[in-house]
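A lone chain, given as structure tokens: the form predicted on its own.
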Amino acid sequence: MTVQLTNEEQLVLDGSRGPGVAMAMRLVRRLGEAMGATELRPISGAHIDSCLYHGQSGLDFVNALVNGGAEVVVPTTLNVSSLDLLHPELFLGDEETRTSATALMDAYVALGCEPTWTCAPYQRTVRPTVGDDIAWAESNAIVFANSVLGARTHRYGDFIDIAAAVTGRVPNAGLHLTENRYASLVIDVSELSAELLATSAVFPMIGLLVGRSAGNDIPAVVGLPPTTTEDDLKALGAAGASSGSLAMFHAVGLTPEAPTLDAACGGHVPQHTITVSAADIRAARDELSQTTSTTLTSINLGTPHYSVSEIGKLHRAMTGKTVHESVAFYVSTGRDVLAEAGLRGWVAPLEAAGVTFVTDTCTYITPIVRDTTGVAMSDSAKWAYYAPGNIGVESIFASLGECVESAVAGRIIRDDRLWA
């Protein structure tokens, strides 16, 4: 498929804005050809995942953009990096990696990107709205933007994300098109008890099952209670993007494109319906809780980054309590969120109780966890899913309450009544 460029786009491709932007336009056009697009589409913002250091190739690519005179032309935020710039003492990696990761971060800032360093750009005050075309990378952010905000982004990956930001264009294809956003699969959770659905810990497990089941379909989830929060939907989407290739879901009655099931499906009859049982939820929890050790060494919250509301919940849960000396307690969050939580008087008491805040990165991708020999507990399905392979730790998924009680006791505590 040939992508027809406008006169302005052709001039950019020919080098009117320098070789860096011309290279980016070549990438965007070639992606459009691969996606079957016939034209490009302007965007109003971008979120970049390429700033996470994976090796020299990523640094070489961004340097080619910088040296080629490229700059972003839309507001562009940056995903987590490989370092916590506010707490550099937490990094346990080698100095060569630190130097290269710092250079990568500096290069993206030089392109005009905002140094937000968060995987949850949707927690900022200014964020996309319904119908806005954007180019977001980072799997959980993509799902949240499409599903909860009603903005439109395809599942863009490294290098394409920044290419879109400096050209201001994406292919007019994929999830930018209304006809590709309708649900064809129904996930029914209405048989779950009200008590279970009132527990935030159930949403990552629903997400895990949704990601496994959806494949290339866009699912519509029916039966979620009206009390479902953005944090709940965040956890659902992040888990679904981890266990599968989920880029969008509809929560019927909750998300902007799904006031009804019929609207979510675009008036079409869904091809399949999957009913989720309490046994399915328990099995998903157990799958993320397979360990050989019984020694608890760390708690890891905030994947995706904890919100202000979640830090507030943690503050209330930890009031009057202290983390056991044998347990390291980490909370990953964005620097803006941490500042807000600090103004609310929550950060200092939590730190005094033994909680370590991590910004700019996450403990499942950067060497921060000091003891990986025992069991790590997390209220994030994404963390529990990826951490064993990424940092070699055995992990257990648990509710926030279970994480807090375990951290205080210095041993693994499970409340099976929660999962009955």
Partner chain sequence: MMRVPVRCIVSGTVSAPAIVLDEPVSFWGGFDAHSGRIIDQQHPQCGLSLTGAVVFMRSGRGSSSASSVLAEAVRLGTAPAAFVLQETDEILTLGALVAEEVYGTVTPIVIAGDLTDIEPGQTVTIDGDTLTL
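Positions refer to the first chain, counted from 1. What you are looking at is a predicted structure, and each value in this text was computed from that prediction instead of being measured.
In what follows, reference is made to the form predicted together with the partner chain, a form of this protein that is not presented.
Undergrad: Could you tell me if residue 35 has a non-hydrogen atom within 4.5 Å of the partner chain in the predicted complex?
TA: Looking in the predicted complex, residue contacts with the partner chain include residue 35, since a heavy atom lies within 4.5 Å.
Undergrad: Determine whether any heavy atom of residue 155 comes within 4.5 Å of a heavy atom of the partner chain in the predicted complex, and answer yes or no.
TA: Residue 155: contacts the partner chain in the predicted complex.
Undergrad: So in the predicted complex, is the partner chain close enough to residue 373 to count as touching (4.5 Å, heavy atoms)?
TA: No, residue 373 stays farther than 4.5 Å from the partner chain in the predicted complex.
Undergrad: Looking in the predicted complex, any heavy atom of residue 43 within 4.5 Å of the partner chain?
TA: Although the partner chain is absent here, residue 43 would stay clear of it in the predicted complex, with no heavy atoms inside 4.5 Å.
Undergrad: For the chain shown here without its partner, which stretch in 283 to 291, 249 to 257, 70 to 78, 116 to 124 has non-hydrogen atoms within 4.5 angstroms of the partner chain in the predicted complex?
TA: Heavy atoms within 4.5 Å of the partner chain in the predicted complex occur in 283 to 291.
Undergrad: Is the partner chain close enough to 97, 329 and 368 in the predicted complex that each of the three has a heavy atom within 4.5 Å of it?
TA: Checked in the predicted complex: no contact with the partner chain for any of the three.
Undergrad: Which residue, 298, 307, 82, 139, has a heavy atom that falls within 4.5 Å of the partner chain in the predicted complex?
TA: The residue in contact is 139.
Undergrad: Sequence order please: the residues of 239 to 255 with a heavy atom within 4.5 Å of the partner chain in the predicted complex.
TA: If the 4.5 Å heavy-atom criterion is applied to the partner chain in the predicted complex, 239 to 255 yields 241, 242, 243, 244, 245.
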